[in-house]
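Below, in structure tokens: the form predicted alone, a single chain.
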Amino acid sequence: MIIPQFAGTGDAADIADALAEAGCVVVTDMLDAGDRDRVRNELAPYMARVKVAEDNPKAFYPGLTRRTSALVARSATVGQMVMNEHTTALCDRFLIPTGEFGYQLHVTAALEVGPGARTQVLHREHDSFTFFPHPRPNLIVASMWAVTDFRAANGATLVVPGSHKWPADRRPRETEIVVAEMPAGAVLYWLGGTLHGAGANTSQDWRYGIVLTYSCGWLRQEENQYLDVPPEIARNLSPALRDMIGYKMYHALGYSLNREVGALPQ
């Protein structure tokens, strides 16, 4: 199976149908050159602080890679990306049936994969939610935004189309692992049950991508948004973005007495 690909002007229902079938899809022309420059400039001070460590083959995250999170607090451009209409349409399709009416931002991370970085172990975004049997319901919609070109040689994301429908003990054959090559400005979407991981960077280039994932509103967020985007920052965000990072109630969950940034109990 290949990774379906659509233009950013493509029909939202067709994109969602392809994601449902393959568990992954690429949408091009989502982030123009100006926005790519802005997001890199906004995050540059934080990426510059990251020490590039040598690789530990036993570690989940490969070495020779820069990573930073708390992106909503650090980049206005990322805030706009979080609320992208294609993304929210996919979350409406896949997360509302599981979460009734609510979903939230789950993880934000900027990743620069450096020359010599190894292949990451294939994994699923919803691996933390072990109380659901495989194949699990749709709990997470994930996205990787290509700030630079993603190529096989520079560590483009590896995905296994169709693996979101597999039982837990099914392992992919080498021929079933596909390289998600895509131009700068494109976005790779995948469902929480789809096997994926960073590819090996055998080039001399740094591959730059931004991960934004979303989960049902009743789940614990993988990234603690309330610490990474504390109230003094959250109160200056748009109401829609503030809700998306979790400053809202889901039924009786998540109330706060802070009238400026929290949802009051009814």
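Each residue number is its position in the shown sequence, starting from 1. As the structure is a computational prediction, the values presented were derived from the model and not from experiment.
FYI, the form predicted together with a small molecule isn't displayed, but the following is about it.
- Taking a 4.5 Å heavy atom cutoff to the small molecule in the predicted bound form, the contact residue among Q104, Q120, N138, S75 is Q120.
- A single residue from the set L71, L95, L191, M144 has any heavy atom within 4.5 angstroms of the small molecule in the predicted bound form; that residue is M144.
- In plain terms, the part of the chain that comes close to the small molecule in the predicted bound form, with a heavy atom within 4.5 Å, is 55-63 out of 29-37, 42-50, 55-63, 232-240.
- Proximity of H196 to the small molecule in the predicted bound form falls within the 4.5 Å heavy atom cutoff.
- Residue contact with the small molecule in the predicted bound form: V187 places no heavy atom within 4.5 Å of it.
- The small molecule in the predicted bound form comes within 4.5 Å of no heavy atom belonging to E181.
- Within 4.5 Å of some heavy atom of the small molecule in the predicted bound form lies at least one heavy atom of T157.
- Taking the partner from elsewhere, no residue among D17, A22 and H126 has a non-hydrogen atom within 4.5 angstroms of the small molecule in the predicted bound form.
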